[in-house]
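Here are two versions of the same chain, shown separately as structure tokens and labelled structure 1 and structure 2.
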Structure 1
């Protein structure tokens, strides 16, 4: 009993006070910095007089009772001098650049939080949930040592000979993660509390019409393109969304279900952003998602490790197979940042060094990808693992998100296996070695005899390649 309690306490200590790589915090910082910059530059600064000025949509006395509530504070309460307010907004933009670049990071985060909160308190009438979440995000960011990764601060310190540890205490990251969970759970419970078994139509989330109604919301839905979507088509989405909101903390708690929960969230918020005008709410919420993404994925997207080493993905493919060669050429075309290194799976010494335990037979059945952190993936999972380093998928993020969802990922695995199994039928071979190779591995058990024949063929293949034309 005592041991169990002790173990639980230690786990709790590690959960709150352990150290993790600061890359997720840095990605969160950069995303919030971009949103603060765009929000200030596009919606606040150009209309400052309208939102905050003496002749604007707000009179200083209007929210005095609200500002007077115990605990609430701000820098500009009662100020209507538009020049000072514009200077304040410029300072906020300056802080957002600090966040993006990671320059004077802690100071920038603290100042951005105080400034944004002060502007929000000047005219709370114009705020929506996205504004509240952005302000709250900046508060957590001010507590986070996000300068420890992907920042100019780090580079400047390195110039002076101090190589800062890229890992950081995680308690502030945990607070921000829990904040997002509370947001979803409170929202989900609020919706669920409207359940009335006798009258399902009383709640749009239970009769399944919520999303359809949202798409027909004339003053919020971006255009009428989606207004025709019938209730029955969106009802499953409404139920899944409600369930996902309530279960979000549980789903992100387990490593196995976390990618599904996040992928679904990316689709939900991406869908909201594309179809509805709710300012930056979706983007701000998605910024919090970085805090759940493994540091290795973020470092892979960034392209370099902290010591400046280039993070290269090694792709092991079958050089004798024309379908695999075609796939390789496609990947090379998408590899705009030069992050992929292609290796021949028939080079056994190299393969065994890189991925000990993976057999020749396994590699002949599927493409393998080795990540810089030493993890490897096969088949469809390998293709999915490549998405973070292919910039095209940063734009086509819904595909990336879909690839993680149950159902879609199973379909992906099935399609990959089918193509791999049937590549013999659809490949146009340009040499005898190629066709012999494909015939040899098509639908066969990869026993020692077959492997030996593959090796022999590969030798012929190499000789043919080396021979003068």
Structure 2
């Protein structure tokens, strides 16, 4: 019993006060910085006079009444002149660039939080849930040592001879993660408990009509053409969304279900953004998702580790398979950043050193990808592992999200296995070695005899290629 309690206490200590790579915090910082900049430049600054000025929607007396309410404060009041307000918004944009570049990171986050709160308190009528969440994110960001990764602060310190540790205490990251979980659970419970008193009926989320009603609500719907969508078509989405929100903390707690929870969240908020006028709510919520993404994925997207080493994915493929060669050429076209290195799986010494325990037969059945951290993936999982380093999938992020959902991922695995199993039937060879190779392995079990014949063929081929002409 004592040992169990001690292990639980140590696990709790590590959960709150352990150290992790700061890349997720840095991605969170950059995302919030971009949102603050765009929101300020495209909405707040152009409408500053009407929304916040003394001659705008609210009189100075009304604005002062708002500010006199408990918990409301700010750097401005109802009589602040428009020039000062615009200078404050320019300062907010300057802070956003500090967040994006990682320059004076914590100061930029703290100043952005104070300035944004000041403007929001001047006119609460223009706000939605996204604005509140953005302020909360900036508050947590001011607590985070996000400058330890992907920042100018880190580079400047390195110029002066101090190589900062890229890992950081995680307690501030945990607070932000828990904040997101509380938001989802509270929202889900509120939706489930809401009662339609006028019609004496259950919540619109229970009867499945919530999404259909939102699409017909012209105040927030982006387009009118979605209004025809019937309730029966959107009801399953409403039920899945409600269940996902309530179970979100449990789903992100475990590594196996975390990608599914995040992938479904990307689709939900992507759908909200595409169909409803909710300003930056979806984007701000999705910014919090970076805090759940492994640092290795973010560093792979950045292209370099903190020590400057280039992070390259190694792709092991069958050079004698025409279908595999076509797939290689397609990947080369998508590899705009030069992040992939292609290896011949028939080079057994190289493969055995790179991926101990992976047999020749396994590699002949599927493409393998070796990540810079030493983890390898096969088949459809290998294609999915390549998505963080292919910029095309940064733009087409819903496809990336679909690849993690259970139904779509199982379909992806099944399609890949079918193509891999039948690729030899429709392959057109352009050399004798290729033809012999396919005849040996097409439609056969990869037993020791077949493997020995393939090895002998490729040894003969390599010797002939190395022989002087």
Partner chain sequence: MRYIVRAYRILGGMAVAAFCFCHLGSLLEWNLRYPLGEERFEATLGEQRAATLHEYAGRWLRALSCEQHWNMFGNVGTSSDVPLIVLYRKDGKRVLLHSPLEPALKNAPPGGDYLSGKLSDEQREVEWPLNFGNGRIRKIEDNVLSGPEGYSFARMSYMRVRLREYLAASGASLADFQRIDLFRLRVMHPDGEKPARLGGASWVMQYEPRMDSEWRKP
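Residue numbers count along the first chain shown, from 1. If you superpose the two forms and keep the largest set of C-alpha atoms that fall within 1.5 Å, you have the rigid core. Keep in mind it's a predicted model, so treat the numbers as computed, not measured.
In this pair, structure 1 matches the form predicted together with its partner chain, whereas the other structure does not. Relative to the superposed rigid core, residue 408 undergoes a CA displacement smaller than 2 Å between structures 1 and 2. The rigid-core alignment places the CA of residue 53 less than 2 Å apart between structures 1 and 2. The Cα shift for residue 44 between structures 1 and 2, taken after rigid core superposition, is smaller than 2 angstroms. On core superposition, residue 64 has its C-alpha offset by 4.7 angstrom between structures 1 and 2.
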